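Listed next as structure tokens is one chain, alone, in the form predicted on its own.
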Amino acid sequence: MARSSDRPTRERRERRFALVLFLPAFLVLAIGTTVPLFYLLWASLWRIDLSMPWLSGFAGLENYAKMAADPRFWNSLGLTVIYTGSTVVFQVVIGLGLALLVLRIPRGQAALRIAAIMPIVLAPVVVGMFWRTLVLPPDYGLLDLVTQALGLGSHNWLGDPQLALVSVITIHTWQWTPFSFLVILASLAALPPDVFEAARIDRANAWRRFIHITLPMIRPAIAIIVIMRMMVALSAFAAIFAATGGGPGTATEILNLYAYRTSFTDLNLGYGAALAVVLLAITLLVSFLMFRLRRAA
């Protein structure tokens, strides 16, 4: 029988062993996230233009002040708001509709869940190339074949400034709606059936049951979906870059793409870093407000 005095020694050894396992992962995480973040903040305060290196130097808040008079920044910010808001709304609404529909199908739900996972597991750059090369090309793309068969003619989906933004919103919605669908479907399947049975006995129709019972009970799941999808949409890059590159012109140049173009095409690293910091601040602010609203609800 072990003596009681051995217990503190054994506990200290276990804590030291746990610390040894924890520290390497923590250091890698700190180096991979914290160091680049501080470098980004530092670079945003400097004038770093590789096309004119002789003008480099400390700029203070000059890069941030420059945004106020930059129409391209305001255009990209507006596109970011439109892109984020529309994709999140479409994902929640379509995902909820599909979940309600699939829940009424007695057989084949497992196959539908597996099919729904397929777009999610694809890399965003692969999704962008898939839509660019197979679905949206004019004349021979799958969507153009459908519109021509319906007598609606051919359209340059990614080359028309008015259609390009709609196209990238569609691409993002197609890839990530299955996530909303699966989460909402799991939430609906977990609802207690006796509540709905009591509502039927009270002669509540399907619409009233949906509004007064279903929606309030799945509201926490919808709130989490909105928060997660907004954070991803605000930082979207790969699918849009693969599909349009931010074009035509600046038609699909959301803030993330503008920061990339400024840094690696125009070689203005200081201003590009400031744009990235603003995007980071917007993402953190939106996430904070959404979590506050979720707690208040």
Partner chain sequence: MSAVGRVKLQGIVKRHGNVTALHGVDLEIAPGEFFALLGPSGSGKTTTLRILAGLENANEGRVHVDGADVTDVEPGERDVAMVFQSYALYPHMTVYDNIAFPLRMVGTAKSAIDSAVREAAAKVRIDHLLARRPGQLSGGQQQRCALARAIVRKPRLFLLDEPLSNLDAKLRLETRVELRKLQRSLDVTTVYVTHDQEEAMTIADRMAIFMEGRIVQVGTPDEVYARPASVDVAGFIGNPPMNLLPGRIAADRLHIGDHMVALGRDLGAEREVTVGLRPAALRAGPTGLPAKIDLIEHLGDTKLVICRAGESMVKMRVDKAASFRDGDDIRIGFDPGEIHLFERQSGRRL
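Computed from a prediction, not measured in an experiment: that's the story for all the values here. Positions refer to the first chain, counted from 1.
One more form of this protein exists, namely the form predicted in complex with its partner chain; it is left out here, but the text below deals with it.
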Worksheet item: If you check in the predicted bound form, do Leu142, Gly151 and His155 all have a non-hydrogen atom within 4.5 Å of its partner chain?
Response: no
Wondering, does Met217 line up within 4.5 Å of its partner chain in the predicted bound form on heavy atoms? yes
| Contact flag, Arg203 vs its partner chain in the predicted bound form, heavy atom cut 4.5 Å | yes
**Request:** State yes or no: in the predicted bound form, is some non-hydrogen atom of His212 no more than 4.5 angstroms from a non-hydrogen atom of its partner chain?
**Result:** yes
*asked:* Is Val195 near its partner chain? Define near as a heavy atom within 4.5 Å, in the predicted bound form.
replied: yes
With the partner omitted here, the residue among Leu79, Val92, Val183, Ala199 that in the predicted bound form has a heavy atom within 4.5 Å of its partner chain is Ala199
Counting only non-hydrogen atoms, the one stretch of 111 to 119, 168 to 176, 203 to 211, 79 to 87 within 4.5 angstroms of its partner chain in the predicted bound form is 203 to 211
